[in-house]
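Quick heads-up: it's one chain on its own, the form predicted alone, in structure tokens.
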């Protein structure tokens, strides 16, 4: 049986990946992985060929749920989309250790373990899509751990791609800027942490699938963020980060003043 696996499928980019996948790849089933079973069931009904796998990828038992299902069914994994992840906005010292560690557990550890667990079931022609972020190229001083985890995903994808290419498997790291999803409800906890327009999940996902079908390693949606990624190769990161920190600090001071 040919399948696709989409993690973080209960909302945002994950749900959009699941909805759009059949327009680009022919699979029998799409395994929908997330914590919120009710949302997964609704999505599975919507797309018609979804299989609900309720799992918390921040836990070893959640990852083991997927691994045991793979071992039992031994499917042909044509598409793996590691989308599950979250971010928190704030100074490193002000965020809780639980939040900082949680980002590492989900954004890095779960992605690495699931990639490793799925590889024996991915044959030639398979596709691995790792959802990173444009923050993987630009360290964010008010999202230091989040941006560091996405830098890991970008570099992991670069390093993984050559060996998998030998097996006929492509790797694409999806690196969008801000996307209009529930992500920012968790990220900023009510504060407007993004200025300017956000991309739609549909546009980002379609661009990601087009790039993956062409074998592109990095998928960046939009001219502006493509330019941002390019500029990080020309301008010292220390200069960029200091400018960002100063601008964000002033914005936070204004926000705190309004709250008082």
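Please read all numbers here as calculations on a predicted model, not as lab measurements. Numbering follows the first chain given and starts at 1.
As for the form predicted in complex with a small molecule, it is not shown, yet the points below apply to it.
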- prompt: Can we say 25, 126 and 160 each have a non-hydrogen atom within 4.5 Å of the small molecule in the predicted bound form?
  reply: no
task: Could you check which residue among 103, 171, 80, 131 gets a heavy atom within 4.5 Å of the small molecule in the predicted bound form?
output: 131
query: Taking heavy atoms and a 4.5 Å cut-off, does residue 90 contact the small molecule in the predicted bound form?
result: no
query: Applying a 4.5 Å heavy atom distance criterion, does residue 219 contact the small molecule in the predicted bound form?
result: no
Close approach of residue 35 to the small molecule in the predicted bound form, 4.5 Å, heavy atom: yes
query: If you check in the predicted bound form, is residue 13 within 4.5 Å of the small molecule, heavy atoms only?
result: yes
query: Want to guess which of 206-214, 27-35, 41-49, 229-237 is within 4.5 Å of the small molecule in the predicted bound form, heavy atoms only?
result: 27-35
